[in-house]
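Okay, so here's just one chain, in structure tokens, the form predicted on its own.
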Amino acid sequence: MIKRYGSLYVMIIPVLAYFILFTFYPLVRGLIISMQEFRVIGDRPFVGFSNYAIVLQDPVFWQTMVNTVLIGGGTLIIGFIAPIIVALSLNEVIRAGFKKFTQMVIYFPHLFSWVVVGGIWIYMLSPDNGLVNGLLKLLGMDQPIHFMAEKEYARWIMIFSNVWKEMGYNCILYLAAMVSINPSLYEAADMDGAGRWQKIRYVTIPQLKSTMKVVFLINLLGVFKIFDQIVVMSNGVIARQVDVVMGYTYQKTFIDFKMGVATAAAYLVIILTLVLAYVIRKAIRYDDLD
């Protein structure tokens, strides 16, 4: 057997080496560090689950967890529904030129880093010459709103700016799936006298079910990875409302130099993400890609 498939085994060695070196080893090393009083220089005594206990008893960790769930959950739900609506609307556009131009415009933000996107939104929400306050002024509002300094707006701004950035990417996935829908289904719907809305409801949306599952699961895995957006758009006034778990691990690692505690927090996030993904995968029957 080895002699017959030897060349295939040799070809798979680089792939295995890559995953062992860059995936499995860091995971195992991180697990060890999470159970140590880690120091860059000197001994690193084993402390068992003490770092996990420190994290779980830290009110700052739970505050960041609440912020992560609210911002990430809001982004997940709105970011799942909005691209479907936009994709369905674009699919109904007859003029191909306008359709392609709109796709290009809404896809652009996905290509920008959060430094650019955050700067755009901070400027648009500025009380001085910001586009949003300018529109509100035209509608009759006397005083400008300091959006980036109002705690009640902070989480919503993070949610909608994230949805705005990723809207085009998810929208293109749905449009690509719509192209692959068998035209005979629409012809059969026409023969049955179905209107435009009925074709969307009974043909298009059911045919997008597999793509919806993939998009939802991918976005779900990103709920606890929010970090760079917060670093760019947060400030001292709204920090308590928008600081997230990844920011907590960054604080513990590079500012407090408590790497054992930071790694324990990171491992709690990994475990929570895996459990959540497993539950959602079972709930939406991800494997039934019909």
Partner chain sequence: MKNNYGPIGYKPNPVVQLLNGLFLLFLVATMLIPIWNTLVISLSSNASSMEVGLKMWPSEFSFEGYQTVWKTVRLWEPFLNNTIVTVVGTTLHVVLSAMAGYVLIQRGLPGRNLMISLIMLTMTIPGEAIMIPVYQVVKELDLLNTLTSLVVSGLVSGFSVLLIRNYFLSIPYELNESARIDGAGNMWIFVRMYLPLAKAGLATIALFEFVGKWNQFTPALLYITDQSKLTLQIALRSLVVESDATSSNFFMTPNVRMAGVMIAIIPLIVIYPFVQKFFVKGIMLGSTKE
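Positions refer to the first chain, counted from 1. Throughout, rigid core stands for the largest set of C-alpha atoms superposing within 1.5 Å between the two forms. All values derive from a computational prediction rather than experimental measurement.
Keep in mind the form predicted together with the partner chain is missing from the figure; the text below concerns it.
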| query | finding |
| --- | --- |
| Listed residue (L220, I200, L208, I159) with a non-hydrogen atom within 4.5 angstroms of the partner chain in the predicted complex | I200 |
| Contact residue in the predicted complex, from M212, L173, I78, I145 (heavy atom within 4.5 Å of the partner chain) | L173 |
| Region of this chain that lies against the partner chain in the predicted complex, out of 236 to 244, 48 to 56, 62 to 70, 23 to 31 [heavy atom, 4.5 Å] | 23 to 31 |
| Contact of Y153 with the partner chain in the predicted complex (heavy atom, 4.5 Å) | no |
| G74 within 4.5 Å of the partner chain in the predicted complex, heavy atoms | no |
| Close approach of M191 to the partner chain in the predicted complex, 4.5 Å, heavy atom | no |
| A283, heavy atom within 4.5 angstroms of the partner chain in the predicted complex | no |
| In the predicted complex, residues of 164 to 182 near the partner chain [heavy atom within 4.5 Å] | W164, M167, Y169, I172, L173, A176, M178, V179, I181 |
| C-alpha of F22 moved at least 2 Å between this form and the one not shown on rigid core | yes |
| Rigid-core frame, C-alpha of Y9, shift of 2 angstroms or more between this form and the one not shown | yes |
| R39 C-alpha moves between this form and the one not shown by 2 Å or more, core aligned | yes |
